[in-house]
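Just one chain is shown here, as structure tokens, and it is the form predicted on its own.
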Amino acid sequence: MKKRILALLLLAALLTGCAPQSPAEKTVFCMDTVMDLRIWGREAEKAAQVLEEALLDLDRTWNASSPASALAALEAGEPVSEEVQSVLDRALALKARTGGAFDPQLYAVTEAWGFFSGDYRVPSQAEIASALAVKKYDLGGVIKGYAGEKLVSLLSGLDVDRAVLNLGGNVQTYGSKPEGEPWVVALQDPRDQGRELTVQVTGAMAVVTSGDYQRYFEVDGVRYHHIMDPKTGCPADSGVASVTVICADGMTADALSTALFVLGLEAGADLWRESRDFEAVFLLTDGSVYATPGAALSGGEYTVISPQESGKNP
């Protein structure tokens, strides 16, 4: 009788192990956006708590408008931690890699347009020129990507099978879905809500989108979005509505999505050709879509960007 009970208990344990597993879910508001965490595994609940605390700590550290942040300490000439200095160094390296299309020191420019205070306005050319001369850090263009990297590192130290983290426009995956199926990440088309574009990724990958529809205001029928062109100090006008970058490195993906938006399709395609350590999807303002060969894009017609330069045709 005892053997029969033991056998039944073992069978129940095996069946439970094979049953679909419900994820631990948590919603966190930080970095001025809503973040949704979904985690599977034995320590999923613990992981959700650990990740929430890490996100809130990053928010306190990198909030460009907070007098208690590491950036405020930096402006005051105070020493910063090795981790903070490392992020700053990486941000400047990404600026150099993109020829300045991504610039982590545009705080004054973004502030002049009212995107920090919410008091939106179109500044004068003199105000823009003055703001461009101020080299004050704003890591908003990379910190969510860095957060994805840090969260993956934390997950790797816990008994967690897989996770998908929606970090407010940044999607970070971790681990593999059952049967080795890829993660499917939907891309919002700001010009065609009926078009359902998706990309597929496996393992720990960052899928980051920058678009003119995420933060903007309108004056006299003109839309002014928050992605600034470092050369002009004005919202970038490159013919691009959004750019999605797929990359194993979250911070790189974050910076490149901004840079490619500023550069536009042709120069952005050239940057991809130079490195090939990321994939990209460009949604243009005219409704056309271009994607690099490895983007695994589906859900609509698009043009594949050639690996070879071909004049003005990406």
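In this text, residue numbers run from 1 along the sequence as written. Small disclaimer: the values here were computed from a predicted structure and weren't measured.
Below: the form predicted in complex with a small molecule, not depicted.
Any chance G140, S210 and I227 all have a heavy atom within 4.5 Å of the small molecule in the model of the complex? Every listed residue reaches the small molecule in the model of the complex, so yes.
Touches the small molecule in the model of the complex: T110 (any heavy atom, 4.5 Å): Heavy-atom contact with the small molecule at 4.5 Å: present for T110.
Would L187 count as a contact of the small molecule in the model of the complex, using a 4.5 angstroms cut-off between non-hydrogen atoms? No - in the model of the complex, heavy atoms of L187 and the small molecule never come within 4.5 Å of each other.
Using 4.5 Å between non-hydrogen atoms, is Y146 touching the small molecule in the model of the complex? No, Y146 sits far enough from the small molecule in the model of the complex that none of its heavy atoms falls within 4.5 Å.
Can you check whether V262 is within 4.5 Å of the small molecule in the model of the complex, heavy atom basis? Flag for V262 set to yes.
I need to confirm a contact call. Of V201, V240, L106, L94, which residue comes within 4.5 Å of the small molecule in the model of the complex, counting heavy atoms only? None of the other options qualify; the answer is L106.
Within 4.5 Å, heavy atoms only, which of S176, S130, N166, Q214 is in contact with the small molecule in the model of the complex? Only one listed residue qualifies here, and that residue is Q214.
Name the stretch: of 68-76, 81-89, 147-155, 95-103, exactly one has residues whose heavy atoms fall within 4.5 Å of the small molecule in the model of the complex. Selected range: 95-103.
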